[in-house]
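Two separate entries follow, structure 1 and structure 2, each one form of the same protein chain as structure tokens.
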Structure 1
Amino acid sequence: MIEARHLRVLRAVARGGSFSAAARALGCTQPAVSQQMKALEAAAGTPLLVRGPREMRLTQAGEALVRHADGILAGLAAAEEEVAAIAGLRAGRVRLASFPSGTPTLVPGAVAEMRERHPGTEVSLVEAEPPASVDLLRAGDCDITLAFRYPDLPTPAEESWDDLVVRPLLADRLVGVVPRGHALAGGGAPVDLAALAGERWIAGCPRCRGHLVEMCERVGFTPRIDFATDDYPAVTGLVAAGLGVAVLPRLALESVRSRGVAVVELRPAVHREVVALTLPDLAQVPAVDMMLARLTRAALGRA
């Protein structure tokens, strides 16, 4: 089997005209070159060089091999360069999956920073809610998934993240959203969740809805849910119209401006944990690692 090393040596000999010159060019000793050439000629089954007293000439087979060597080594160099570019963050692609309220808040800053510091890299984004977005990750369709979970809720077995790298980003406090002018809106003091037992409710995504119900039941009531939508502007709009109250994560409210609502702290204080997920192997990929760092930094800014 001919190896790239052999071709490098042969080419150096052909260029330099002597084993010694080749050895100098390759940064090794002359016997090393001599032995490599011997091995290569053995592999070739025919002499590749004619040792003249004054110079070293190629045989026909040697010429053929040198002719191919240039192309082969050029291809190898190109391959190495491409990989080195990815390893050195001069290139590389990161495919991000994010849940809706993370997309306008955490992602833009992180991506901008990434693009600024490593202009060769590319970041693509797809929106998906946690259970599905984690599947994207496992299926190899994305590299980083932004997801969240409620730490006070038991995790179903099929949603375990044990096999993933979990990078915590921030604890996203849940707050109450009530119509402006609501009785509990004014104080600035935390509002007991139980105090909202009699209200009508606007719930969020299925997960959030489940969590809301659980949370309420812990303090002794079952919320009466009139609407459920994962469209946050819709939620605040409904609340502003006086159709009910809601519990939303702070992150969701950051990018949703609604004039007709008031935001109140809740008691007991609960939060959802926002994390970045990736596969263990992908965490070693420089662009992915760097993107995780940028996301962490972006989250820090809003902790």
Structure 2
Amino acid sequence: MIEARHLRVLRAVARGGSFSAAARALGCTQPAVSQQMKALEAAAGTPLLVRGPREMRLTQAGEALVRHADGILAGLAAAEEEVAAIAGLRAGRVRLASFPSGTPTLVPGAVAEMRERHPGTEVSLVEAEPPASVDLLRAGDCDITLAFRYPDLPTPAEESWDDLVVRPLLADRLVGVVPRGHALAGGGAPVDLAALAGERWIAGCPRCRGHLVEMCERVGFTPRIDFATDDYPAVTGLVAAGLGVAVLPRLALESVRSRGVAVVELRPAVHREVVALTLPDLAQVPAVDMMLARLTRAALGRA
């Protein structure tokens, strides 16, 4: 195998015309140069130098190798500089995937702080709900995924995160959303979920909809779901119009205008676990590790 250090020695010999001149140029000893050249000729499988009484000259194979050496060494130096820039957070990229209510609440502050401290690092964003967002991570289409799960529900085997690095961010409490003129609005005290048994419901994404049904059935009723949408402004708009009630995470309410609705605490209290996920190898990349730290800081501000 031809190594870069061998090419550097060959180029120095070609420029200086001797082992001693190459040794002076490289700051090493003449025997070291001789040893490197023997190793290079063994790797090449052919002589590279013709040793004369006064000077050395290149063979045809040696000339070909020197001709390519400058480009190879220049490319390697550029690669080393780029890697050093990424390792030192002077360059690099982080590709985020986030669920919709995490995008306007957790992502902006984290990305702004990342850009301020490390302006050479590029950050991109796509939106996706879990488990699709986790699939993006495993497929290599993003570096960090913001996801959530409900601790009170069993996790299907196909949705396990055991192969991922899991960074807990916050416990996002679920609250009831009712029209402002609703009989249960404005009381201040927590409301039993069972008290909403006779209502029409507006549900969210498939995972959230499944969790809603499970919650209600635990307290003795099956919700009548008239509308289903994962657009949170649409949910609050439908509630404000008196078309039903809903259960939303607090993060979702922070990202929408809640005019015309009232928020009630639910009993028993339920929350979803919000996390940042990445692959074990990606967790060692400086830019990814730094973005995980920034997301953690953004979540702490909401604890």
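Numbers follow structure 1, counted from its first residue as 1. Basically, rigid core = biggest C-alpha set you can superpose within 1.5 Å across the two forms. What you see is a predicted model, and the numbers here were worked out from it, not measured in a lab.
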| field | Form predicted together with another copy of the chain - structure 1 or 2 | value | 1
| message | Please determine whether the C-alpha atom of residue 48 is displaced by 2 Å or more between structure 1 and structure 2 following superposition on the rigid core. | response | yes
| Core-aligned C-alpha movement of residue 238 between structure 1 and structure 2, 2 Å or more | no
| Threshold 2 Å Cα movement between structure 1 and structure 2 at residue 280, rigid core reference | no
| field | Angstrom shift of the Cα atom of residue 36 between structure 1 and structure 2 (superposition on rigid core) | value | 5.2
